[in-house]
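Consider the single chain below, provided in structure tokens and representing the form predicted alone.
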């Protein structure tokens, strides 16, 4: 008993530093942000902090810019994740085949994902530059455009370029996760389907997709959370413009908290985001459980 008790004490002592670190950098900021969200607190007047109850939440939900930023976030998330899933699945199918230099291709495809997010955003901002960007140069040379365009000042194309930058970076990650799932599927299933006369498309629909569905849902969860939190691409490439068309919810939170210095309202927005993400998590996890039961 003494030995067992001593081991428990030792284990507790060993995890104390981890508990302190987690509390300091995760739990305390969360509790503090929740506390601040109930106060009318602006850093421009740090000595004035009046209890506001749910006022910040009500003000945010009445704010048209909040709903526009949320709509922009949904738009970005749906299109970027949709393209990443489609392209990642196609790339995974190709990499799952036998061909010369397969190991080299699998290695090189990871490079975009390894690029730091800020570097990725900067590179795509250069590509879209109206004066010396390669995008204008290539399209002009091919005769697709008649004159150089300011892509990041166009409401539609600015968001499209942000989406393309995100897809370029994260498609390799999606492809690698799908490839790992594809390699768990027994070849016997495909052989039996061939004997039954199933063509390649039918084999993908009837065998591949159902068997990797749990991986698809996991990828959806991971990428939805990351896409909903996108900030670096917006900050570097567009700063939320033009005309608020690329202002996503995380950048809107940044503007409220660090530009307007409204800590209370910024904290309220952060917790509204937490609510939306928790709801999405619940729906995704239910889908994953249904898949497991199936």
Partner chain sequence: MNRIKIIIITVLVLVFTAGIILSSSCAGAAGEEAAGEEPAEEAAGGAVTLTSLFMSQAGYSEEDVRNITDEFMEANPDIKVDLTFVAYENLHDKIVTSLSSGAGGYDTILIDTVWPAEFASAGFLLDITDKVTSEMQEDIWPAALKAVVWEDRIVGMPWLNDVEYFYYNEKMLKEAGFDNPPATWSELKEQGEVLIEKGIVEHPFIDEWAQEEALTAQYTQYLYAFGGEFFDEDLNPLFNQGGGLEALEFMAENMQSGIINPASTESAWEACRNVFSQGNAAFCVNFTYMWGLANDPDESTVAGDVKLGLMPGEVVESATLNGGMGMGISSKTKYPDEAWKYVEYLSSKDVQKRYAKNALPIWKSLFDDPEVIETQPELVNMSKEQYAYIVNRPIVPWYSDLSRAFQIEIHNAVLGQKTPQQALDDVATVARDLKEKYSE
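Numbering follows the first chain given and starts at 1. Remember, predicted model here, so these are calculated numbers, not experimental data.
Not pictured, yet referred to below: the form predicted together with the partner chain.
- This chain is displayed without the partner chain, yet in the model of the complex the stretch 212-220 from 187-195, 212-220, 107-115, 70-78 comes within 4.5 Å of it by heavy atoms.
- A residue is said to contact a partner when one of its heavy atoms sits within 4.5 Å of a partner heavy atom; residue 46 meets this definition for the partner chain in the model of the complex.
- Of the heavy atoms in residue 98, none are within 4.5 Å of the partner chain in the model of the complex.
- Contact annotation for residue 261: at least one heavy atom lies within 4.5 Å of the partner chain in the model of the complex.
- Within 4.5 Å of any heavy atom of the partner chain in the model of the complex lies no heavy atom of residue 232.
- With contact defined as any non-hydrogen atom lying within 4.5 angstroms of the partner chain in the model of the complex, 65 is the only contacting residue in 59-91.
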